[in-house]
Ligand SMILES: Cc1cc2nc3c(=O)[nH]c(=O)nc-3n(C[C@H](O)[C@H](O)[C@H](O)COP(=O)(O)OP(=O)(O)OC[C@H]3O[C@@H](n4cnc5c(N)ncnc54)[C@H](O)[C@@H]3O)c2cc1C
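Next up is one chain by itself, shown in structure tokens, the form predicted alone.
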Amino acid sequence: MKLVKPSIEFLWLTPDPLITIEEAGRTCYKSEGNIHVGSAAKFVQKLLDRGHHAMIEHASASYRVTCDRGVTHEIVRHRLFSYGQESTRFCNYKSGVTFIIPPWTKHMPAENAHTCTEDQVRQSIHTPECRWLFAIQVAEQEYIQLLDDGWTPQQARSVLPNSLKTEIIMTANLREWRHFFSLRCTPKSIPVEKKVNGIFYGAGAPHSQMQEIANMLLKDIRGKVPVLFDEF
């Protein structure tokens, strides 16, 4: 059994996205003659200020996200994205199952995670983290046993929990990325004292594991594309 933290990997971005957006936007006003070095950022900011967000759709970005399947169930509700996800029907985890560490636990990444015994769980030792570790340990054991008993991966997967690690490719235009961040990141309006490592665990905010992923994605794309994501 392997335990890992969620992660992201940048894959692709429209070359010179602000320039691409400016060229599309200035076509609407036939002001292409005003394009010059350094004009794109200022023009894109004007588009945002005017609410002319359709032009942002001319630039796109792709990321690989590694997280648990519970998070991807929420991610795929953003229907304007294109996705490619690791399939539990066709991937065989008989050599060992990988699980995602929830941000509210103290578990650390491990190739061969130390497991809790049933006696420890019954005695409430290290509960609730030990109970979670024991549960995923049992899930792995039963999954592998079902494969040994002749079940196919798509049959045996029924015992695997939300904590199962999965990989998903997310591709969308930058307008849709802005929409994603507006819904899934830790809201700026939450007081600092109510955040733990930048994540809010209370009601009225996205799921903490979703915030964890969305915050990483926002930090990365904000560094690659000026202006468009500064408000989040």
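The first residue of the shown sequence is 1; numbering continues from there. Model, not experiment: these values are computed from the prediction.
From this point on, the text means the form predicted in complex with this ligand, which you will not see here.
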| item | value |
| --- | --- |
| Partner contact for Leu147 in the predicted bound form: this ligand, 4.5 angstroms, heavy atom | no |
| Heavy atom of Arg89 within 4.5 Å of this ligand in the predicted bound form | no |
| Heavy atom of Lys106 within 4.5 Å of this ligand in the predicted bound form | no |
| This ligand contact at Leu164 in the predicted bound form, heavy atom, 4.5 Å | no |
| Candidate stretches 150-158, 97-105, 77-85, 129-137 - the one whose heavy atoms come within 4.5 Å of this ligand in the predicted bound form | 77-85 |
| Option touching this ligand, based on a heavy atom within 4.5 Å in the predicted bound form, out of Leu183, Ala54, Ala41, Leu48 | Leu183 |
| Listed residue that, although this ligand is not shown, lies within 4.5 Å of it in the predicted bound form (heavy atoms), from Ala205, Ile199, Ala59, Ile168 | Ala205 |
| Contact set, 142-176 vs this ligand in the predicted bound form - heavy atom within 4.5 angstroms | Glu176 |
